[in-house]
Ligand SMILES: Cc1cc2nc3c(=O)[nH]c(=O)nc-3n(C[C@H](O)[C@H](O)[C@H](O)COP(=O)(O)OP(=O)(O)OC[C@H]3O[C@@H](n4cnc5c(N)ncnc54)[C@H](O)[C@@H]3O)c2cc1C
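As a starting point, one isolated chain is supplied in C-alpha cells, in the form predicted alone.
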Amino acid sequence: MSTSAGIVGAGIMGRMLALALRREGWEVTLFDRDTEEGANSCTWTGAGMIAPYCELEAAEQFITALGVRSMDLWPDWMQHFANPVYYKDGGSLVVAHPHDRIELERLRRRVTDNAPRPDIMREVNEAQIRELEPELGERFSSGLYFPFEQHMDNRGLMHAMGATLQRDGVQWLTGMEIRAVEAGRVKGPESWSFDWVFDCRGIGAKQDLPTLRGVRGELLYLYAPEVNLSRPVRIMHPRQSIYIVPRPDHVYVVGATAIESEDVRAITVRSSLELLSAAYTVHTGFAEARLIETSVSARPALPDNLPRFFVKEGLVRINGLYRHGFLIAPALTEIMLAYLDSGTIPDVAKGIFEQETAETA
C-alpha cells in the first residue's frame, strides 16, 4: 500500500519534494493558490544562482555545506526533468570598483577563513578577468573567481518541474486557497486526508510560524544585445552586493541581495536606478539595454536565516529558505527523504529539526 502525501505550496521546495516523493512511489497531491506557472512564488523572482562559496560573505557555514551538496545533486535533477533547463557550471566572478575594494578584501578574508577547501576561490588580475569575461578586463584590475559555482534559469526550472509533475502523475490542484494545514489533513474548499502533510508555503505560512518574516527581493530583467557575459558577476558595495546573471539570448537578471521588508509592491524608482547604475558601471553596453520586466517578492526567513523542519507525526513544515532556495532545496529534499525512510534525523541536519509546539504552530 502506497503512502499518501499532501504538499501545500508549489515553489521550488514544494515542487521538488513532490517529485522526489513520487519517484519513491508515494501518492502525491500538490496544492497551490497560484497557477501552474508559479509567477507569485519566490522561485519566480530569483536569479537562479547556486553559489555556496560566495554566500560565505554573510551566510553560515551550514548553508555552504548544504549548497555544496546541492551542487552535486543538481545534475541528476536536470536529467530527470521532462524539459531541458538552461544550467551552467562556469563559476562566478566577483569584482569591485576602486573605492569599494575594501569590500572585495573583506569577502576574500571571510572566504579564506571559512572555506571548506583551498581551491574554491582564486584571486584574479586584469588579464585573468579578461580571459574569463573578455568585455570586463579593462574595467576591473582585480577580482575573485569561484570556479565551481553554477547558475540556472529559474523560470525555465519552474516550467520544467511543472511539466515533470504532470508527466509523473502528481495530482496538482492550482488556484486553491488553503485555510488550514494540519497533521494528516489539508483544509480548503473541502478537506483532504493524507498519511503525511508537508507545509511548503513560505511566507504564506506566517500565521502558523510567528517568527517567520519576509525579506524583499527585487530584480530587473534586461535585454542587452551589446553585452556578452557568460557567468554571474557580483559587484561588491558597502550597502549591498549587486549581481548580474546571464540568461539565454542576451537577457540578464540584475538584482541585490536582500532588503528587510515584507512589502511586495512594485519596485521603486530608487531601487531601479541603483540596479541600473550598477549594471552600467560594470558594462557600458547596458546603456542601450531594454528593461523588459521588474519582479518583486518576499522571501521567507526565520530569525537566524537558517531553514527549519518543524515536525510532528503526520506533519512537516519546511520553511526559512531565505534567499537560498536554489542553493539548498535539493539537499533539504534529500534530508527529508532520509528522515521519512528511517524515522531518525540525519546527523547533518539535527540543528534544523524542531518538534512543532504550540508556540511554533
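Because the structure is predicted, anything quoted here is derived from the model rather than measured. Counting begins at 1, following the sequence as shown.
Not on display, but discussed next: the form predicted together with this ligand.
Trainee: Within 4.5 Å of this ligand in the predicted bound form, heavy atoms considered, which of 306, 47, 316, 331?
Mentor: Flagged contact: 47.
Trainee: If the cut-off is 4.5 angstroms on heavy atoms, which of these, 263, 249, 288, 177, is the one near this ligand in the predicted bound form?
Mentor: After the contact test, the surviving option is 177.
Trainee: Indicate whether the candidate residues 32, 300 and 322 are all in contact with this ligand in the predicted bound form, with contact defined as any heavy atom within 4.5 Å.
Mentor: Verified in the predicted bound form; spot residues all in contact, yes.
Trainee: Which one of these stretches, 194-202, 110-118, 222-230, 81-89, sits within 4.5 Å of this ligand in the predicted bound form when only heavy atoms are counted?
Mentor: In short, 194-202.
Trainee: Does residue 66 make contact with this ligand in the predicted bound form, using a 4.5 Å heavy atom cut-off?
Mentor: It does not: once this ligand is placed as it appears in the predicted bound form, residue 66 has no heavy atom within 4.5 Å of it.
Trainee: Taking 4.5 angstroms as the cut-off for heavy atoms, does residue 217 touch this ligand in the predicted bound form?
Mentor: Because a heavy atom of residue 217 falls inside 4.5 Å of this ligand in the predicted bound form, the answer is yes.
Trainee: Would you please decide whether residue 12 lies within 4.5 angstroms of this ligand in the predicted bound form, comparing each non-hydrogen atom pair?
Mentor: Yes, residue 12 is a contact residue.
Trainee: Residue 327: heavy atom within 4.5 Å of this ligand in the predicted bound form?
Mentor: Answer yes; at least one heavy atom of residue 327 falls within 4.5 Å of this ligand in the predicted bound form.
Trainee: Quick one: which residues from 236-252 get a non-hydrogen atom within 4.5 Å of this ligand in the predicted bound form?
Mentor: Heavy-atom contacts within 4.5 Å come from 243 alone.
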